[in-house]
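Just the one chain here, the form predicted on its own, laid out as structure tokens.
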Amino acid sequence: MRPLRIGLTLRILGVLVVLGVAVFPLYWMIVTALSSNSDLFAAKARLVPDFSQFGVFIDALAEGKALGWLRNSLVIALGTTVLSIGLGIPLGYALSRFSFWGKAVVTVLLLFTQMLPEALMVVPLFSLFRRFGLLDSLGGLILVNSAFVLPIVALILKGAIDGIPRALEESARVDGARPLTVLTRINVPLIAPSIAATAVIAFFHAWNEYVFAVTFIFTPGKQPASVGIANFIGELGTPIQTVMAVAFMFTLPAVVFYLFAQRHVVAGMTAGAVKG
């Protein structure tokens, strides 16, 4: 019994350490946001937040910019998630179930796109978006983010579909089900964990994206939070408390989204790694 208790205690301590490492950055953002200038630059760091400074959050929300940035980020992230999954499901299904000339080449090219840095594509995409009137629009950012995250979404879903026995689809076809019905009624429910995992990947990619957002968006009211927070940095000074307050609010929606989908993430990534 004693070795079991020691092992259990060590596991609990390990979990607490990992939890502390994960939560501490959020806690430190709160402490920094709720610190006065004297505490912020004191020789001894303040470890407990000063809630008398809570007005920094109220001021950030009262200005209206922070809420607008968060709204724009949410629209871009959700739009990217829906579009990339909507296109990734049929693409992953096609790569998994259909045989066609150049299939291996298409798969390799999808992997190759993940090696291209975003900065390399800014100039050609800027020229293309200007021609089609997609600059300075949230829809343009949704398109470009979806294009970059779609390959990994499709490949993960392909791996998940590879793990589904073909006999299930054949039985449905014998009963008169059409290919679209087979995909939506049989495959999609079975790969739901993988869809949740890819949704997290797509959401976080679009939520944190900065290069395209700062290049393609000109109107301050259309900027996402990733660009808006960077605008606080000035030549003469940076309101660190305000930056941390807005950054904390910027982090919360992503954390909530992950907690909502996290139960499916591990199962989904494992399913997507099945070799067919």
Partner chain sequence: MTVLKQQQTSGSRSETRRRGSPRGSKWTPYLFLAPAAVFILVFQVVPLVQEIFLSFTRTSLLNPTRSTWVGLDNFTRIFGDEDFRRTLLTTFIYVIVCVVGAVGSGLAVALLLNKGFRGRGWARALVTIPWAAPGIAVALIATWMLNPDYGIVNRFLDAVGLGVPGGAILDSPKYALPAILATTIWQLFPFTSVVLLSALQSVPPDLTEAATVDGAGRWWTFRAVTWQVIKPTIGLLAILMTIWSLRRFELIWLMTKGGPVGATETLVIDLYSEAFDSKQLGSAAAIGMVGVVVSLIVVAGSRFVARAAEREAR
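Positions refer to the first chain, counted from 1. For clarity, every value in this text was computed on a predicted model and none was experimentally measured. Note that the rigid core is defined as the largest set of C-alphas that superpose within 1.5 Å between two forms.
One more form of this protein, predicted together with the partner chain, exists but is not displayed; see below.
Trainee: Give a yes or no on whether each residue among L19, S127 and A147 has a heavy atom within 4.5 Å of the partner chain in the predicted bound form.
Mentor: Checking in the predicted bound form: L19, S127 and A147 are all within 4.5 Å of the partner chain.
Trainee: Does N208 make contact with the partner chain in the predicted bound form, using a 4.5 Å heavy atom cut-off?
Mentor: Flag for N208 set to yes.
Trainee: Does any heavy atom of I233 come within 4.5 Å of a heavy atom of the partner chain in the predicted bound form?
Mentor: The answer is yes: I233 has a heavy atom within 4.5 Å of the partner chain.
Trainee: Is there a non-hydrogen atom of W69 within 4.5 angstroms of a non-hydrogen atom of the partner chain in the predicted bound form?
Mentor: W69: no contact with the partner chain in the predicted bound form.
Trainee: Does P90 make contact with the partner chain in the predicted bound form, using a 4.5 Å heavy atom cut-off?
Mentor: Close contact exists here: in the predicted bound form, P90 approaches the partner chain to within 4.5 Å, heavy atoms only.
Trainee: Based on heavy atom distances of at most 4.5 Å to the partner chain in the predicted bound form, which listed stretch, 191-199, 177-185, 69-77, 156-164, is the contact stretch?
Mentor: Residues of 177-185 come within 4.5 Å of the partner.
Trainee: For the heavy atom contacts within 4.5 Å of the partner chain in the predicted bound form, list the residues of 12-47 involved, in sequence order.
Mentor: Contacting residues: G14, V15, V18, L19, V21, A22, V23, F24, P25, L26, W28, M29, T32, L40, F41, A42, A43, K44, A45, L47.
Trainee: Relative to the superposed rigid core, does F218 relocate between this form and the one not shown - that is, does its Cα move 2 Å or more?
Mentor: No, the C-alpha position differs by under 2 Å between this form and the one not shown.
Trainee: Core aligned, does the CA of L67 move at least 2 Å between this form and the one not shown?
Mentor: It does not reach a 2 Å shift.
Trainee: Quick one: once the rigid core is lined up, does L26 have its C-alpha move by 2 Å or more between this form and the one not shown?
Mentor: Shift of 2 Å or more: yes.
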